[in-house]
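Listed next as structure tokens is one chain, alone, in the form predicted on its own.
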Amino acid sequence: MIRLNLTKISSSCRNSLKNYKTQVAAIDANIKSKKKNQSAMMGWIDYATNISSAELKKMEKVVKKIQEECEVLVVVGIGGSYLGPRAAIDAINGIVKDSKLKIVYLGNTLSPTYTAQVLEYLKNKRIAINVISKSGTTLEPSLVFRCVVELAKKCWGPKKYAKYVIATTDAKNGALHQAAFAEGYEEFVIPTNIGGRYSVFTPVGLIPMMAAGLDVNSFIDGVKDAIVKYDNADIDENDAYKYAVLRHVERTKIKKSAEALITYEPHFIYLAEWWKQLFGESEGKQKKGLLPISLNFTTDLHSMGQYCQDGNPLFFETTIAVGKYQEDVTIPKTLLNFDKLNYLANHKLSEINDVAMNSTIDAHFVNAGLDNVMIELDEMNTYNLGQLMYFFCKACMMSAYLQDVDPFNQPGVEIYKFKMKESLKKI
């Protein structure tokens, strides 16, 4: 279950919410009208309700073969093609979980050092590849995919290797679709009307999640319930829309220019990275949009705590708070007690982490004047994760429309890509 807690939001911000009820209802009606047009980039809104059991069984069959025969699955992709699945896998499995099938990520950077080190690690291992790209021409994954294919050919042989390559791509067009057809790769479809940063609910997210051992059916159930839960135009009944309006008020009325997503678990770092792309790429247009930043406490309190408390108050905070932790540690008592912390002996680390969170929120709200939106989960599991990711997607769409920008295009990205390609032709 997910709840929005606004107790640490200023009364002026909360009181402004009612002024947007009519506007939100009108935008929601427009969204539903656009959704009827299959060419609109809104296929993600109800994708989970339409995915067939046959498609899921096909994924399960392919993944089972990989789990039984391979040591490593290499997920090749960048942006929405890898952030969604990585966010989900880390959020559920943690960072250091040992599993029979290891998941590694390539094609998300042009770093020669990182790429060389991962390729070296993959040598002499039984590998499978999940290459994710709608076009098949995005520079980073396309270049690295060439390298990983060479390793796969050495591992399985030039005729057999294709059985261990999964291409998640467009159904009809693009270089990767053509390669999959020519080479005989197993192919799964990224729907044409779903953009990369909204694609975690499709095979883009589901296949790596399944390979990592996540309960994908529970994730989908969470998304399905979220589809119903956040389909209400009334912001008093729809927390996703309420969060969108809060962000809009913070930007336009309170004059904040950034939002900091705060997490208290290191294995939520990539969930925050996914969130940053979702909101940054959807809203950052026409010189508008909040700058999405993320901080992982308590770690970052020892590097950014001073700025949060006494620096330029240009941002507000949104905290993901989890009621029940996946694992816990009990603090032991020591005989000599040099650190004078025996008063915490026999307490759970979860208790201490919760105290740190609540104390920090109070210090930032009361003493620094920073509003803090609380997104509360009773626990982090696949069902709640599905709900949370859909919550953010629905909120992001409404937030973008409130500032009158298209949530689904990215014209600025195309500019740097064009310039980079022109320069690469000269080297």
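One rule holds for the numbers: they count along the sequence shown, beginning at 1. Nothing here was measured: the structure is a model prediction, and the numbers come from that model.
Absent from the display: the form predicted together with a small molecule. The rest refers to it.
Only one of 222, 292, 203, 196 comes within 4.5 Å of the small molecule in the predicted complex through a heavy atom, and that residue is 196. The partner is absent here, but in the predicted complex a heavy atom of 138, alone among 138, 218, 353, 108, sits within 4.5 Å of the small molecule. Under a 4.5 angstroms non-hydrogen atom cutoff, the small molecule in the predicted complex has residue 410 among its neighbouring residues.
Within 4.5 Å of any heavy atom of the small molecule in the predicted complex lies no heavy atom of residue 130. The small molecule in the predicted complex is not approached by residue 115, whose heavy atoms all lie more than 4.5 angstroms from it. Although the partner is absent from this view, residue 419 stays clear of the small molecule in the predicted complex, with no non-hydrogen atom inside 4.5 angstroms.
Partner proximity in the predicted complex, defined as non-hydrogen atoms within 4.5 angstroms of the small molecule, places exactly one of 341 to 349, 156 to 164, 238 to 246, 79 to 87 at the interface: 79 to 87.
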